[in-house]
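In structure tokens, one chain follows: the form predicted alone.
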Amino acid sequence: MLRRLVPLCLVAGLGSGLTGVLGADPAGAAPFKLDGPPKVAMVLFGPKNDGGWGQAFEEGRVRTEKALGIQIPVVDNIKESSSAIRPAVELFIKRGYNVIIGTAFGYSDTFKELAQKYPKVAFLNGSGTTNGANLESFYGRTYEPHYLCGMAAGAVSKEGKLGFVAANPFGVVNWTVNAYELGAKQTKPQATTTVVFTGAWNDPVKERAAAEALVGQGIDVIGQHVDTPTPQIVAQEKGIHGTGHHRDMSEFAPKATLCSLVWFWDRYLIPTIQKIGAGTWEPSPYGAFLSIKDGGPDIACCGPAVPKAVADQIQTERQAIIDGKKVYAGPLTDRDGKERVPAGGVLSDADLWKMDWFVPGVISQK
């Protein structure tokens, strides 16, 4: 997910960065200065071995440790309530940690309060919505990898009947579903994507039920924007294919998984921590919204079922995105025929975050 978007219906966006929509406090006029060298700690929303969101952060933490030659202690299963977040963070601060990394949308308000209470501590929050002179939220343009994975799905699908298991119909989820369909049409023009919302970010039982229902409708490739590998496991059990989210899901379904969105959080954390230590960090008043080019989410592609010519096409498109191609470029209409992006235009970040519509070819089901 974009973590954790439950209240995001208010702004239609979280993984789950929404700061440009919500309107953050402006960052300080001068770069933030630490007292002493950076001493970093991480607070995880869920378990660090969940196979998805939490584990992606854990793996990024380990790579960041190695790259910077530091130790980054972590505490996991810290839920989205001030009564859980505050004591965990303040214990780290009491022990001398001056850079705190959070990992949940639901941490946003508490991190804002803590940043104001501890102005000499730097706060970073994955999928948060609040920013300040010593606080920056960060997330990724997940629609870019899902567009590329959609290309793989369309190419492998026999009839172009794709399915998608998603958590909640928020902006950050809707943009992945739409991008998936747009990508699929590049390799299978008649492709459709049927999406089922489970109402939960991490619920293997609901994810299995949704995936099996899609298979029962004749779907032969299943995409996902939920936290566990369950949709990929179901795909492999049923002898069809799928595309993953958060990590390379071929770990769990090597025969089924064609492509996965993969988080590389260290690509953001390493240079940011270096800037904090050097006294050159200036938190963006709108948060960090990371593309593939910026070190945000990327792809693990492609599985053996993807023809080489298609895999090469996907890599060409990936490079085009790095070079400036926009997934949501006009002309673009929604499935009801309403113009959403005029010819020559590009969907704004504000409109991305509040996306509450679907492109032609998306079939939404509860």
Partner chain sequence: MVLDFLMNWLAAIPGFVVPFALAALGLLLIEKAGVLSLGAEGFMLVGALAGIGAILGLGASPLAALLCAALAATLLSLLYAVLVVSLRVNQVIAGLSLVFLAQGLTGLIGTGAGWVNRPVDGLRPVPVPLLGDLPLIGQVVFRQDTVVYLTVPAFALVAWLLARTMVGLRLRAVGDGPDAADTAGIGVSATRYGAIAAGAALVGIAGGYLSVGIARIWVEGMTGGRGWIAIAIVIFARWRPWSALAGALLFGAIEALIPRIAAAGIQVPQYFIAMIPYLATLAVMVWTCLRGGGGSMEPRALGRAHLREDR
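Remember, it's a predicted structure, so these values are computed and weren't measured experimentally. Positions refer to the first chain, counted from 1.
Beyond what is shown, the protein has a form predicted in complex with its partner chain; the following relates to that form.
Chemist: Among 64-72, 302-310, 42-50, 317-325, which stretch sits within 4.5 Å of its partner chain in the predicted complex, heavy atoms only?
Modeler: Answer to the contact question: 42-50.
Chemist: For the three residues 210, 217 and 237, which mark the spot I'm curious about, does each lie within 4.5 Å of its partner chain in the predicted complex through at least one heavy atom?
Modeler: Yes, each of 210, 217 and 237 comes within 4.5 Å of its partner chain in the predicted complex.
Chemist: Scan 295, 169, 277, 285 and let me know which has any heavy atom within 4.5 Å of its partner chain in the predicted complex.
Modeler: Exactly one residue meets the criterion: 169.
Chemist: Between the options 85, 273, 121, 233, which residue brings a heavy atom to within 4.5 Å of its partner chain in the predicted complex?
Modeler: By the 4.5 Å heavy-atom cutoff, the listed residue in contact is 233.
Chemist: Looking in the predicted complex, any heavy atom of residue 229 within 4.5 Å of its partner chain?
Modeler: Taking the distances in the predicted complex, the answer for residue 229 is yes, it comes within 4.5 Å of its partner chain.
Chemist: Tell me, yes or no, whether residue 206 is in contact with its partner chain in the predicted complex, where a contact means a heavy atom of each within 4.5 Å.
Modeler: Yes, contact at 4.5 Å.
Chemist: Report yes if any heavy atom of residue 114 sits within 4.5 Å of a heavy atom of its partner chain in the predicted complex; otherwise report no.
Modeler: No, residue 114 is distant from the partner.
Chemist: Can you check whether residue 196 is within 4.5 Å of its partner chain in the predicted complex, heavy atom basis?
Modeler: Yes, residue 196 sits close enough to its partner chain in the predicted complex that at least one of its heavy atoms falls within 4.5 Å.
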